[in-house]
Structures are given as structure tokens and as C-alpha cells.
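What follows is one chain in C-alpha cells, specifically the form predicted alone.
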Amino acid sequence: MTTNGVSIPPERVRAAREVAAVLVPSRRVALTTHVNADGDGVGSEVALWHLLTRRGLEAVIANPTPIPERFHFLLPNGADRSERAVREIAAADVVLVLDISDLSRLGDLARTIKDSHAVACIDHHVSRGSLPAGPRLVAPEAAATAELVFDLASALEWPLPPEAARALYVGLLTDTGAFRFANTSPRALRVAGALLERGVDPESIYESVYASAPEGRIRLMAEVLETLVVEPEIGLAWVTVPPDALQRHGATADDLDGIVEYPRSIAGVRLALLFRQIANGRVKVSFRSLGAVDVAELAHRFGGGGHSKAAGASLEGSIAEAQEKVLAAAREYLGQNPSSTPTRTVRLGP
């Protein structure tokens, strides 16, 4: 099937129709995504909010954590009810989970969603999932969940209003690293082109997403990068967020987005990590890689997951304990999978 100038695989068309079967007019739909929502999760939610409300459904966004401020420009008035997310999920006829298929990443909403009678999912992550049974539009080969929401609308011939196109463009833009990462497929660019044809202004979106940083975010970045450690002989680098850094700089977890890309950008580095303390005595680890290094495999060892080039996990214990475990596994992995090109030595400091 080809629509909007983009071919849609038959299996996605079938899955889109299965999801649409539960999205009938007059039903109340709660849209949600993982904790610390990113541009893909928020963009996909907002686009679906526009699509569903135009079709006579009552849709609300109900996330386990607040939507980051830099994505507020996408939010329609009254759409976000995350401050009462548990009640919205419980009252919904259908829960549509986006950009995640694991209950463990849904925070305080996990129990309520587990008890929901109708749970649909649209996701592009590599995971067996642990959501209750329901229709699924899942394709790990997709560049972003936003790409799959575009496919849903196209397969069902739902008109795509400019506001929805803008939100989907944000999802594609952020999950491909502004079309720099390995998941930037020819198809993703064709979808982006179709969205631009609907009036999306890429410069204004860039300004909102990437060029409106508060001063605290920049100072936080500088402090985190001061912790940089590089092991050039195996191509490993990591940074650590000091325990009180977010509070001191008036920053949020969203302000850490993209920092791990800096150690990954060092010549010769194949695997980059970011460590930070989170709630309940756990440590969040972000994994990024280049070349043939599969960080999803590494993250799975610690109960996490993601993509081959970008993944995450959380471990119990202190940062020092988490680093000991994760760095040992990373060194072992890199030793078993040597680079095909010579590693360049990196000098730190003056």
C-alpha cells in the first residue's frame, strides 16, 4: 500500500487496522508513554490526540512523569492531564501505550495499566513486551514511533492536520538525532518529506527543541563533561552525573538528553555510557555506540533494553557499584568484539 508518497508494509497495514478497531468514536482513550518522555513519545501522543479527537473520540494524555518543558509548544490546551494520570487511565475505555511495551517503564501507572481491559500499543523498540494483551503496531526496524503513527494514519486514510504533522516531525527529528543516527533510513526521510509537505516549519521546530535551553542545562552539561573518562585502547568512554547536580542547576532529567553523545563523538570510542542516580536507590545507565557494538545486548544483561545503538537500564545500588558491574561487562564485550580499525589515542586535559 502506498499513500502520501510513502509505501507501507502489509504487516503494518494489518496491525494499523487492528489498533483502529478499538479506537471507535465516543470511546475515551488515554494516551501514555514511558517515564521521562522524549520527543518521540510526546510527538506521537500529541499527533494521536489530534487524529482521535477529529474522529469523535475523547482523548487525553496521561503520562507517569511531567512532559518536559521544551515540548510544551506541541501541547493542545487541555490535552495533558498527567497530573491525574492514574485516574485518567482507570477511567479510559482504551489505553494506548506509545514508544514502550514494557510495564516497568511506565512508573506509577504500571499497576493501573496492567488492570486495564483494553490496552493497545504502538512502539519501535526491540522487546517482547509485558503489557496486557491487545492490538499491537510494533516494528523495531522503524526509525521512531512517530513513523508508525504516520503509517497508522496513512493506512486508515485519516487526514493528517498540520498540528499532527508537526508533532510527528518532532518525534522523527529527536529519535534520529536530527537525522544523524544510524536509524535514519531512506524511508524515515521520505516520511519527514511528507510531513514537510503539510506545512511543517523545520527551523521553528529546531529553535523550540534544540535552541531554547535554559542556562542551567548548559552549566549542567559542563559539569557532567568534567567527569569524562576514556579508555582509548578498547574504545570505551563514560561520564557521570554528580548526585546533586540537577538540583544545583535547577535542571531536570530531560536536560541530560544528548550529553552521552559527546563521549560517543570522541575519535576511536565505540561505546559511551552515562551514569546517574535516580530514585529508590537505583542508578540509570544510558548506552550509546558506534559501528558493530550492540548496546541493546549489553543493556539486556541488566534488565534494560532499547536499540542496537542506543539503550538504557537501571541497577540497584550506588553509582560506584553500578559502574563496577557495567564497566566490567563493557570491557569484556569490547574485548570480545575488537574494532576492525585501529584505535586512536585520546589525550585528556592540557
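What you see is a predicted model, and the numbers here were worked out from it, not measured in a lab. All residue numbers refer to positions in the sequence shown, first residue = 1.
Missing here is the form predicted together with ligand AMP; even so, the following discussion is about that form.
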In the predicted complex, the one of 310, 67, 319, 57 near ligand AMP [non-hydrogen atom within 4.5 angstroms]: 310
Site check 50, 72 and 166: each within 4.5 Å of ligand AMP in the predicted complex by heavy atom: no
Interface membership of residue 304, ligand AMP in the predicted complex, 4.5 Å heavy atom rule: yes
Touches ligand AMP in the predicted complex: residue 323 (any heavy atom, 4.5 Å): no
Heavy atom of residue 105 within 4.5 Å of ligand AMP in the predicted complex: yes
Close approach of residue 125 to ligand AMP in the predicted complex, 4.5 Å, heavy atom: yes
Listed range touching ligand AMP, judged in the predicted complex by heavy atoms within 4.5 Å, from 58-66, 23-31, 42-50, 282-290: 282-290
